[in-house]
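Below sits a lone chain in C-alpha cells, taken as the form predicted on its own.
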C-alpha cells in the first residue's frame, strides 16, 4: 500500500526524522492560510501517488501569497500520470546546498533490508539506476543487529565528505530503518535528503510503501490509503477470493492458477492480442467465484472478448461450467467468449456447456487464444 507524501512525513515526525514546517491543503483558500502560518516563501507540492511531479508542473516555489494561490489553482485538479491532484502540501522553502538520495527496500536475495544511497538526489532513482547505475551504493543490513550508527556513518561517507553532515544523516538513517521495520514497510525513501545552507540535514520528501500482508498489524494505516479505482477493484476481487489486476488490453482472461494465468497472457500476446487483465480464480471449485469473475471481466468497458482457460486439478471443470451457466443466466453477455477446459471432470464440464451458443469451445490454449482474437476482429 502506497501513501501520500504528507502522510509519510507525519510518520517521519513520529520517529523524529527532521522535516520542514508544512500543511496539507485541499483548496486555494487553505493554501493562502497555510502560507500565512508557515511564512513565505513556500513550496506548493501536488499530492499524488507517483513520481515526476516536478516535471509535470506539480511543484511550485512561491515568494508571495498570491503566487501560492495561483500555484494552488493550477495544481489542484491537474492530472499527473493520469492521477488527479486533490490535495497539495504547502511546505516551508528550504535553502538547499546539497541533495542526496537515501532509501530502503526488501532484498529477497539476501533476505534483509537493502540500504541504497546516491549523491544524485532530487532525481527519480529509477532514472539514476538506468543512466548511472554505478552512482547507487547498495548495502545489506544485518537483520539481527539492524542498522547501527557506525554502519550508517560508514555508508554515508561514500556520498558525503563533511563529518557534521554525515553524523546528522546517519541519525536519520538509523531512525528510517527503525520506522521501516516497526511499520512493516516494503519501501521507505527520502529523495531528496538535503543539506541546507545552515548545514542542517532535512528530509525534503518522503515515500513509504507498506507490506500489504502485514496491514492487519497496523489498522491505523488503512486510514492513510488513497486507492485508485483500479486498486479498489483489486481489493474487491481479493475479498471475493479472486486475484485480479486490471491491464490495458481488450481480451478478458479467466484462469485458475497464477502460472497458467501468466502463460495465458503470454499466448494471447504471441498471437497478436492484448490481455485486459490478470484474473486467477484459484484452486477452489466454487461456482460463485466464477460468477464474480465474469462480473469483473464484463464490467471492464475495454473488454471485447473473454478467454477462459481452466486446467482442472483441485478445481473441477464441471463446477466452473455450472458457475458459467449461472453467470450467463444473470448477466447480459454481449462479447464473444472462448472456453478451454482440461483436467478434472473436463468431459463433464464440456457436456454441461454443450449447445450453449454464447460459448465457443477450444481444445488447447493456443486454439483458444487464436479463436478469441479472430472473434473480436
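Small disclaimer: the values here were computed from a predicted structure and weren't measured. Residue numbers count along the first chain shown, from 1.
The same protein has a further form, the form predicted in complex with a small molecule, not shown here; the description that follows concerns it.
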property: The unique member of 83, 96, 119, 243 whose heavy atoms fall within 4.5 Å of the small molecule in the model of the complex; result: 96
property: Options 50 to 58, 338 to 346, 64 to 72, 26 to 34; stretch whose heavy atom lies within 4.5 Å of the small molecule in the model of the complex; result: 50 to 58
property: Touches the small molecule in the model of the complex: residue 257 (any heavy atom, 4.5 Å); result: no
property: is_contact(residue 191, the small molecule) in the model of the complex, heavy atom dist at most 4.5 Å; result: yes
property: is_contact(residue 113, the small molecule) in the model of the complex, heavy atom dist at most 4.5 Å; result: no
property: In the model of the complex, residue 237 touching the small molecule (heavy atom, 4.5 Å); result: no
